[in-house]
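Only one chain comes next, encoded as structure tokens, the form predicted alone.
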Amino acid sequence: MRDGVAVDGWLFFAVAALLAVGITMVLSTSYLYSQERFGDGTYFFRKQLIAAGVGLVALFISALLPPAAYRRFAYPLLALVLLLLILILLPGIGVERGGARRWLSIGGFAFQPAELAKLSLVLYLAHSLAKKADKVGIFSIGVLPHLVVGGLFLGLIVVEPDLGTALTLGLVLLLMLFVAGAKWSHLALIGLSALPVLAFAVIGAEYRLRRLLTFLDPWRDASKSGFQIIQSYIAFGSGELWGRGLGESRQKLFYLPEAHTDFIFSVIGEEMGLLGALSVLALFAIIIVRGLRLAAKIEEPFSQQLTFGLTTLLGLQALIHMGVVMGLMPTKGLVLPFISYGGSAMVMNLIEAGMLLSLSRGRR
């Protein structure tokens, strides 16, 4: 491709490699579980292949669109997502699983509006912060409106309940405000104001408080609340340097809950060893470094904010997932981008990657 059309090759390579690892690991981690539950060992694998196929088509389409096209979708997408987040909370419309109402069922496929909300909020913030670039330092103009919109999204997501996604979006919001030029005093005020709300959200829900206490000492209740993270430790430890070998994990044999989603990085550590886990971490590092480098090169405010927001969103999700399964953070139900099982997340992650590739055209 000619220089004016070519995308960032390193970014494309990292996404493609992570996708290949993800498809392989979903088959490895879910085969026995889906065989027992559905009588078909490839059930989750086939669904993930479909999601990856749809996502790849969406990636190439989004990579071909110019940044100006994304900007036109900012407000319509925001309104659509707000409607969807309200609809899933209504009995008979939202699908409830495991005590959480996070899904809409469309044509036999379950879709999580929260995944679309991540992209929608980043797109809205990029558009609005670019429009108010010279007034971001004024709290009532550059900060407060974004807090109101972001707070509304976060509140609806917390009610589902999905505190992990809400916290991730809250961090993205603060970081985008910081990069746009918001004052330190305003950001500090926001952070201090959020602490009581976060404390209430944790203390007010017994299972969240239990997760926090388990994080501090998982061995105090090793057979119950600490079971997940202890099995994750065992998976990483038994993988050693080279790993047990692809498909040879023992912890995924009904010891490690949600091995194909929330704890898939643990199985990577067990089957591919320290070197395999570090390789996956390096691939995410490529996305983060290339994305931030690209944002630094771009001078146009909207494209710069969008590039930073998308990079931060993908990077934070990956780092939080890895931090959780290694016991560095309290347990949260966040998937690993491009790797964990989940159709909604896979499609949206690939769309976000496609947008980054579009933004990188001619700026390698």
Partner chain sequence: MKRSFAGIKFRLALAGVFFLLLFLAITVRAFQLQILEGEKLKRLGERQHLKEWIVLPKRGTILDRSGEPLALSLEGQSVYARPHRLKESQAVGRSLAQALAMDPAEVMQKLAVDKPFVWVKRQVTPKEAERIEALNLDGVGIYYEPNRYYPQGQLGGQVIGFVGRDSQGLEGVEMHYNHYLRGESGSSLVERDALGRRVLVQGVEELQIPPGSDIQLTLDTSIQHLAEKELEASVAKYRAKAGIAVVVEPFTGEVLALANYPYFNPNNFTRQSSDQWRNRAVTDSFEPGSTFKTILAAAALEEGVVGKEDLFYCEYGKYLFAGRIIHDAHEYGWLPFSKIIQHSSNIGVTKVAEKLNKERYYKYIEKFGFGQATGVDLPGEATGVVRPVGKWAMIDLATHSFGQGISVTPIQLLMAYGAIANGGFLMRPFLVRRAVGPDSRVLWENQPHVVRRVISETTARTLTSILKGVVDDGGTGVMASMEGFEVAGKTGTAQKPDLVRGGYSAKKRVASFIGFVSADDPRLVMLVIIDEPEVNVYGGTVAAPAFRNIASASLQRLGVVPDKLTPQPIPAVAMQEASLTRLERSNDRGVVREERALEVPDFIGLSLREAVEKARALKLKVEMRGNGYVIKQSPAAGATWGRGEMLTLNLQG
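The shown structure was predicted, so the numbers you read here are calculated from the model rather than taken from an experiment. Residue numbers count along the first chain shown, from 1.
Absent from the display: the form predicted in complex with the partner chain. The rest refers to it.
Among Ala199, Ile141, Leu89, Ala285, the residue placing a heavy atom within 4.5 Å of the partner chain in the predicted bound form is Ala285.
When you look in the predicted bound form, the only residue of Leu195, Leu216, Ile106, Leu241 with a non-hydrogen atom within 4.5 Å of the partner chain is Leu241. Residues of just one listed stretch (64-72, 44-52, 333-341, 303-311) have heavy atoms within 4.5 Å of the partner chain in the predicted bound form: 303-311.
Put simply, Phe111 is far from the partner chain in the predicted bound form: not one heavy atom of it is within 4.5 Å. Contact check for Glu96: no non-hydrogen atom falls within 4.5 Å of the partner chain in the predicted bound form.
Put simply, Gln231 is close to the partner chain in the predicted bound form: some heavy atom of it is within 4.5 Å. Within this chain, Gly273 lines the site of the partner chain in the predicted bound form, having a heavy atom no more than 4.5 Å away. The partner is not shown here, but in the predicted bound form the stretch 261-296 reaches within 4.5 angstroms of the partner chain through a heavy atom at Gly269, Gly273, Leu274, Ala277, Leu278, Leu281, Phe284, Ala285, Ile288, Leu292, Ala295, Ala296.
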